[in-house]
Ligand code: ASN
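The form predicted on its own is given below as one chain in structure tokens.
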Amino acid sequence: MNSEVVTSTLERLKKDSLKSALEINTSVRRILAETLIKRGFLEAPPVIFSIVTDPLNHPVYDPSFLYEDFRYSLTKSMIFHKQILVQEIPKFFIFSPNIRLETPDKASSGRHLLEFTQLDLEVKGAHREELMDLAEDLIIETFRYVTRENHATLSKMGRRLNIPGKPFKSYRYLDLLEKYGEDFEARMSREAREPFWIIDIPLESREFYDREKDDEPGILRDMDLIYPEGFGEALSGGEREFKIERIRERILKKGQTFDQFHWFLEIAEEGMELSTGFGIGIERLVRYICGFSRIEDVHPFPKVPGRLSL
């Protein structure tokens, strides 16, 4: 088994397609950072492990460990750290490594890795629509930049990017569910030719920390951006619950306990203001730009669910 891992790794590292993916990855990170810095964002360092991390809304293996009798978890996302930091730093971004030990069935999706990087950002006092507008600008500017700076690489891969126009189309989650059934996201992604939004996502499909609509209890002020051509989710985000009584209420609604999140709750009790944020998966973005069928082809040392990896 070990020799197979070494052989497959060395074969991957020799592929021209990997070099092309890394060229695109370099351009993507550069233009995203430059665009945000020009808009007044500060870059914050990532949190690799912590005493509190994202509970997620689907099952993963527990990435926790003991250090000097303290229980830490590897970061599944920086959602709590973002909401805490944004109270003092009103606009920031992070290239945040995430560890999500997905179940082996996720290997067939072509878009899941056990470790990946998000461009994670948060803005104090902002509403969902403002962040959707920002995300559209980031996607458009990235596509334009890569088309210009990596034209030869894209041509070699036979890939031509369509630069979408603003605003992107937007659909309510429950409308799509009623019209297309449970598989609506994958079906819409396959049929679409430009990125589109799914908004107003039900509480049962999300974690406790995103904000419910005032006029529609149980429906969140969330948004997911979906790539066309069957590439699936690009971005996920939303407005955050910031009132302590509503945070507590939402934890109980999700069948969780205050003790699970007591570190975050202690800070929230000191008072928070509204913020909104999202995370863009860098490997998924590079995969889409390259047009690769498998996300592991963008990474020299990919960790695919259910497989032994270097």
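Everything numeric here is computed off the predicted structure, so don't read it as measured data. Start at 1 with the first residue shown and count on from there.
Below, we turn to the form predicted together with ligand ASN, even though it does not appear here.
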is_contact(residue 63, ligand ASN) in the predicted complex, heavy atom dist at most 4.5 Å: no
Partner contact for residue 120 in the predicted complex: ligand ASN, 4.5 angstroms, heavy atom: yes
Ligand ASN contact in the predicted complex: residue 283, any heavy atom under 4.5 Å: no
Touches ligand ASN in the predicted complex: residue 81 (any heavy atom, 4.5 Å): no
Selected contact from 77, 189, 153, 142, since only one has a non-hydrogen atom within 4.5 angstroms of ligand ASN in the predicted complex: 77
Of 221, 91, 111, 100, the one that lies within 4.5 Å of ligand ASN in the predicted complex (heavy atoms): 100
Partner-facing stretch of 127 to 135, 162 to 170, 191 to 199, 230 to 238, counted where any non-hydrogen atom is within 4.5 angstroms of ligand ASN in the predicted complex: 230 to 238
Residues in 266 to 282 with any heavy atom within 4.5 Å of ligand ASN in the predicted complex: 277, 278, 279
